[in-house]
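Starting off, we have a lone chain in the form predicted on its own, written out as structure tokens.
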């Protein structure tokens, strides 16, 4: 199996990187690799240290999420913890992650759309999800049932801030083309009017395109197929505390096996802003279908 990590010697979130590092980063990222920065850590401020507790979560959601554009915080324990402190920590991480992307992938900057910030204080190993579809310990590519992304790339920055030396352990699977070859033939066409009905009923926040329908089905079928989970070509990575990594999670088959106290920032990128749009899941699916997909 190919080496999926591309290591970058970046030690500061706000410092520009060399042109050679930028070239390497965009080529490797778009070809399905993970940009790995083992010496780029996110240090909490003294007033943020209480966030290193499971009690910061309301335990109703697996993550604490922050929408910086709407100033909305979800999943936090507002009784015992100051929401202003939590928002401040997550907004600071979002700022740093945005600066990192602008330095490492500057050609994306103008088109980049900022998504939610996520804090994951709960140990993922042993957590019992409500359904197999929400079980992130199973190999999958990202697709969101309630928030269709309409062909845009899902670009994520992760940082392990675990204070006890515990790594975030990931599995990674086969290349996206192999995932498509395996699962696309099992997916039928959406029924007429499906997208309009889902939007009208509030099941989806935005219009669910044919692309979204296919990606969500691939996501679900990957997780449902336990034989695939056992036998697919795969490897394992242990991201230590102080490690940061960037990955396009709609392209890289992945699963989180264990770990606790993780910060993550999501960005969305139009396919046209890529250096090589033909490597996007949208274009790969269109090539497999031999036609344009509605987006």
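Numbering follows the first chain given and starts at 1. This structure is a prediction, so every number in the text was calculated from the model and none was measured.
As for the form predicted together with ligand SIN, it is not shown, yet the points below apply to it.
Within 4.5 Å of some heavy atom of ligand SIN in the predicted complex lies at least one heavy atom of residue 136. Using a 4.5 Å cutoff between non-hydrogen atoms, residue 120 counts as a contact of ligand SIN in the predicted complex.
Taking the partner from elsewhere, residue 262 is found to have a heavy atom lying within 4.5 Å of ligand SIN in the predicted complex. When contacts are judged by a 4.5 Å heavy atom cut-off, residue 183 does not count as touching ligand SIN in the predicted complex.
Interface residue among 96, 158, 108, 172 relative to ligand SIN in the predicted complex, by the heavy atom within 4.5 Å criterion: 158. Note on the partner interface in the predicted complex: the residue among 256, 269, 51, 26 having a heavy atom within 4.5 angstroms of ligand SIN is 256. This chain is displayed without ligand SIN, yet in the predicted complex the stretch 164-172 from 202-210, 164-172, 82-90, 67-75 comes within 4.5 Å of it by heavy atoms. Along 48-74, no residue reaches a heavy atom to within 4.5 Å of ligand SIN in the predicted complex.
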